[in-house]
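First comes one chain, alone, set out as structure tokens in the form predicted alone.
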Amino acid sequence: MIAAALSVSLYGLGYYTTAVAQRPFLPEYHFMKPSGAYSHGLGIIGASMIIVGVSTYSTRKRVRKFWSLGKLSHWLEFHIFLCLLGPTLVVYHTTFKAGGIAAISLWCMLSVAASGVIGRFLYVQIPRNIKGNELTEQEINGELDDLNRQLSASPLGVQVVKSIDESFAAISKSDKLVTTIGLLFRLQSTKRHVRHSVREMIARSHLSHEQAKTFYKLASARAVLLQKTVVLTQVEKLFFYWHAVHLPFTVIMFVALAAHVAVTVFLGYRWIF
């Protein structure tokens, strides 16, 4: 995505850095202007990416017969990729200036993309199974017990489990009054610290490379699961409220986009057709 955005930026760098009032005098103006073949094409490709990204993920998530079609997390990554690259191309389509209906669609699109980044952060805080479906409390406890059983098979594992549990227990007790978002960032920091401590404990042991790798993977999985369970209820509430905002903005964006396309076609701007 970064490579594509960088390529588009470098290709039209001279045009984009020229003052708007001076652009009509450039030889590439008719090709690079929003209704020109190049920029118009970027808008069509970008809008198509957004439509595909939203429709495929929503279908996979909501239509029961598609639930077995790949992991939901993979569909989410595909959705995020298209819905970040698409808006980027649309911004270049505008050549960094927009007005009227196009401006409404543009700002709604950017708001949706920005809120999508926040939604992705909240999404990964909720424990899920290998298919990407949310785990129940019973399933979470079952996974924690399974990880505890595997790690506690050795004295080092017992020590690691105790260290991990104490680290997250201390946070859940001492940070009850902080905001959920602040607590999430604190937990991220604690998880990194725990992983660093586990690596040091493994380094002092006499485990083989393969044993150390497996041991660290189990310890890291327990740390991640504990991190998510500390604020599970709060994150689910935040995710619900986020979705209540994200969805209406998405609808407004598509309505404004449809109006913009209709007006564009009515005025005779039909790209290469």
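A residue's number is simply how far along the shown sequence it sits, counting from 1. The model shown is predicted, which means the values in this text are computed figures rather than measured ones.
Heads up, the form predicted together with a small molecule isn't pictured, but that's what we're talking about next.
Chemist: Can you pick out, from Tyr216, Phe239, Trp67, Tyr38, the residue that has a heavy atom within 4.5 Å of the small molecule in the predicted bound form?
Modeler: Looking at Tyr216, Phe239, Trp67, Tyr38 one by one, just Phe239 meets the 4.5 Å heavy-atom criterion.
Chemist: If you check Gly99, Gly182, Pro155, Gly142 against the small molecule in the predicted bound form, which one has a heavy atom within 4.5 Å?
Modeler: When the small molecule is considered in the predicted bound form, the option within 4.5 Å is Gly99.
Chemist: With the partner removed from view, which of 230-238, 217-225, 202-210, 49-57 is the stretch that lies within 4.5 Å of the small molecule in the predicted bound form, judged by heavy atom distances?
Modeler: Contact-bearing stretch, as computed: 49-57.
Chemist: When the contact criterion is heavy atoms within 4.5 Å, does Arg195 count as touching the small molecule in the predicted bound form?
Modeler: Outside the cut-off, so no.
Chemist: Does Ser73 make contact with the small molecule in the predicted bound form, using a 4.5 Å heavy atom cut-off?
Modeler: Output for Ser73 is no: heavy atoms all beyond 4.5 Å of the small molecule.
Chemist: Tell me, yes or no, whether Arg120 is in contact with the small molecule in the predicted bound form, where a contact means a heavy atom of each within 4.5 Å.
Modeler: Yes, contact at 4.5 Å.
Chemist: Check whether His30 has any heavy atom within 4.5 Å of a heavy atom of the small molecule in the predicted bound form, and answer yes or no.
Modeler: So His30 does not count as contacting the small molecule.
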